[in-house]
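Below, in structure tokens: the form predicted on its own, a single chain.
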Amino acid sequence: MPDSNFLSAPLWLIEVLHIVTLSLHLIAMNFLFGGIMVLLFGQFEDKWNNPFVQKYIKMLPNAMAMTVSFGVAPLLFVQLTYPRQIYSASIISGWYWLMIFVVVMIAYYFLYALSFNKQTPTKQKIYLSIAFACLLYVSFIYSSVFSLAEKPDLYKLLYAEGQGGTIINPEIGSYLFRWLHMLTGAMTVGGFCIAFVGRKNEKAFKVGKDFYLWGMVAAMATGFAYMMGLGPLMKPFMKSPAIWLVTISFVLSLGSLHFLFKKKFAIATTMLSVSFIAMIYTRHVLRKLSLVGFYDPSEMTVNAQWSPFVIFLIFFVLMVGTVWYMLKLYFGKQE
């Protein structure tokens, strides 16, 4: 039987690619999911007939496509690094995991229906709410499965109790604030995106900056609650470089808030992006700390298989270039 217990590239390369691709995925996801949250709950004037709201709605199907496209690579890289953990956790919640594909297609359908047809205000709200509920489901299942993957003892016990694939991670306290932090973070970035897209529309800009402000407050509160609930992981976490990344991320987030209010978008975007990547790397460190004593990817044998990586890099660069060109066309000067 062939041995599959190895890494097909150096660990540092896999981790860098994972963080880069996950960052792009989360940016697209926050534009989509966070934007939907702001559209649904923001106080826009004559919301469903508002030209700005309609403009943003028409971008949602493309944002959904980018979210899905950018989401494939980080999922593959994390499965490549933690194959047994991710596989075991997804098997425990197998039916919920498989339903993600169905739910995403439902969300996609309603976003396209909302974009292509001039619906009544009631239908627009219903369609957008259905898409929001679908994405909310996906976010919760991801939080449940990936948090379960960090608890080998728990998923071993759960699998022994039943192999039906219908179990949700029962230790909800260990990932509730993690999930809420993701939701409030999405709302924060969604507010930033609304403010940027609507920068020439004072009312839209105000809605966006208000969501950015209060979303950031909520994200910091839920992030702090999540950190306080780390339990035995708190001590090694405080001794790791990740605590400095959290501090840097906190300071940069506050700085980006200041510059957004001043409409200095280049500086605000740079600070938010660095803060974003710092938080993603922090989460990567926490995964490693939670698996200490169970699994260490650095101990895996490296059996390099460069051809798949070269093919991936070629198509990845082409995809990023295509997305950049699409954004340039959309936000560029139009006659």
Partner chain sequence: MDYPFWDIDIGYGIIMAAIAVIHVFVSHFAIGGGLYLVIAETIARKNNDQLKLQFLEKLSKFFVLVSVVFGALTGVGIWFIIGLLNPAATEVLIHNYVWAWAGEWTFFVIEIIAALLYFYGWKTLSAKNHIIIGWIYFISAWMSLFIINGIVTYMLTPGDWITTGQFWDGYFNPTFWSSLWLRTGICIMLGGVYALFVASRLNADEFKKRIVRFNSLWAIGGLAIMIPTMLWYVSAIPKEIVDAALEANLTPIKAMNATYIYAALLAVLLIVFGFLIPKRYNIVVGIVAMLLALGWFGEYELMRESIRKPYVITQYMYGNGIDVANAEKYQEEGLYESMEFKTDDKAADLFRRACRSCHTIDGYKPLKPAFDGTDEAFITQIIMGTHVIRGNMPPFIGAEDEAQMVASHIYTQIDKRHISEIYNLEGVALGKKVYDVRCGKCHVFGGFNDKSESLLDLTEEDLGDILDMAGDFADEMPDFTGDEKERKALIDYIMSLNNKESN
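Owing to the predicted nature of the structure, the values given are computational and were not obtained by experimental measurement. Residue numbers count along the first chain shown, from 1. For the two forms, the rigid core is made up of the largest set of C-alpha atoms that agree within 1.5 Å on superposition.
Quick note: we don't show the form predicted together with its partner chain, though the next part is all about it.
The stretch among 216-224, 236-244, 193-201, 107-115 whose residues place heavy atoms within 4.5 Å of its partner chain in the predicted bound form is 107-115. Only one of the listed residues (Pro121, Gly173, Gly164, Pro232) places a non-hydrogen atom within 4.5 angstroms of its partner chain in the predicted bound form, and that residue is Gly164. Its partner chain is not drawn, but in the predicted bound form it has a heavy atom within 4.5 Å of Phe315. Using a 4.5 angstroms limit between non-hydrogen atoms, Ile100 touches its partner chain in the predicted bound form. In the predicted bound form, none of the heavy atoms of Gly293 sits within 4.5 Å of a heavy atom of its partner chain. With a 4.5 Å cutoff on heavy atoms, Ser298 does not count as touching its partner chain in the predicted bound form; it lies far away. Heavy atoms of every residue among Pro83, Gly94 and Phe309 are located within 4.5 Å of its partner chain in the predicted bound form. Interface residues of 70-86, taken as those with a heavy atom within 4.5 Å of its partner chain in the predicted bound form (partner not displayed): Phe70, Val72, Ala73, Leu75, Leu76, Phe77, Gln79, Leu80, Pro83, Arg84, in sequence order. Superposition on the rigid core between the shown form and the other one places the CA atom of Leu318 2 Å or more away from its counterpart.
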